[in-house]
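Starting off, we have a lone chain in the form predicted alone, written out as structure tokens.
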Amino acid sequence: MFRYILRRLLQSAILLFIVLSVVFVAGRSIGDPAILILGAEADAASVLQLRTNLGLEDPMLTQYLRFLGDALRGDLGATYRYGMSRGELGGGLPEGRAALPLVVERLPATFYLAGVAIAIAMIVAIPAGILAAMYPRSLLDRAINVISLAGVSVVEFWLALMLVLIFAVTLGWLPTSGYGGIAYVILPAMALAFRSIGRMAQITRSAMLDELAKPYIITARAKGLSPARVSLVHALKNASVPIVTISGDEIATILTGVIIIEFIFSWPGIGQITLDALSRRDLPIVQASIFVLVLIVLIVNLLVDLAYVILNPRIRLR
């Protein structure tokens, strides 16, 4: 177990290195950071002075090694927008807020929204998939299949706009946007969860159907066990590995899908600050957001792999 965890941590570190390298190259491809800070109207002397202060006149390899060294210390640059004083840029380094702490401050709001969406998806999808497998080809099974197909087919931002139009604008039941209690989180969480409900329900149904067709289930039924006990106690445990797999994948999908949803609902999380930074070409914020999201996804994948062994001891970590 320890060797497996160590190996996965090493793989995660390599992936983070690749991601940071791509971010570095992309950041230098979208434009001159000095011009992004000063604006297109800045004179050439001021741009050259700032490029020198920021180390942008150094060879690319030197800039890359410095970028990696700073990243290892948790320094992904200072934001171009928050706390930036343009009047001092010509005489020294800009004193903006550090990007990574600014992004981390937004994590609680993002985790709140993603957590509610994940809870809704699991509470709805897993029981629906089990019921569909218990009563195959029934009206209930067909209805669940239709809903799950709609879930995997719908576009999240379109669904978000329709939910706002129906439940907030037309009916007036819920607020259109903002951050606060349960009333504010329902619509964005539903918009995030709907696709995951569809996928998780389909995988749960498929896994349960496979298990319910196996000989040990026939034996359990022959012993007089109730259908609910056979499905929920015996079949569900053995079908849990693919369910956990898709659940982990959907958790990662929801965490990365919050970017658009947070922007639509003015939710003060990572997504909103990332899109705001993209519109202003605030590269350090974008770098920090990508780093944090990738790190969270890697942690989720590691936890899912470890859950395999707990659910099924026959699985060996190789």
Partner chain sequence: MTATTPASDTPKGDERQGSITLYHYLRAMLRDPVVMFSVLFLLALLICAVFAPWIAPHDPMQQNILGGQRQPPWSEVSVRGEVKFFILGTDELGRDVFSRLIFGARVSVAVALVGVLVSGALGVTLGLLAGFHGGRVDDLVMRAVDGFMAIPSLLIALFVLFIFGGGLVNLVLVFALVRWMVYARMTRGLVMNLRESPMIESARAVGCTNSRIIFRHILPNIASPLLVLFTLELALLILAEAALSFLGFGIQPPDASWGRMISVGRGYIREAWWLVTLPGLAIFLTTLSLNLLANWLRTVTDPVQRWRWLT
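Source: prediction; values computed, not measured. Positions refer to the first chain, counted from 1.
The protein also exists as the form predicted together with its partner chain; that form is not presented, and the subsequent description refers to it.
- Taken together, the three residues 111, 144 and 303 all stay farther than 4.5 Å from its partner chain in the predicted bound form, as judged by their closest heavy atom.
- Using a 4.5 Å cutoff between non-hydrogen atoms, residue 67 does not count as a contact of its partner chain in the predicted bound form.
- Contact annotation: residue 27 falls within 4.5 Å of its partner chain in the predicted bound form, judged by heavy atom distances.
- Its partner chain is not shown here, and in the predicted bound form it never comes within 4.5 Å of any heavy atom of residue 135.
- When contacts are judged by a 4.5 Å heavy atom cut-off, residue 46 does not count as touching its partner chain in the predicted bound form.
- Here the chain stands alone, but in the predicted bound form its contact with its partner chain, taken as any heavy atom within 4.5 Å, falls in 157-165 among 115-123, 178-186, 157-165, 97-105.
- 152 is the sole member of 241, 213, 140, 152 with a non-hydrogen atom lying within 4.5 angstroms of its partner chain in the predicted bound form.
- Contacts with its partner chain in the predicted bound form, taken as any heavy atom within 4.5 Å, map within 195-215 to 195 alone.
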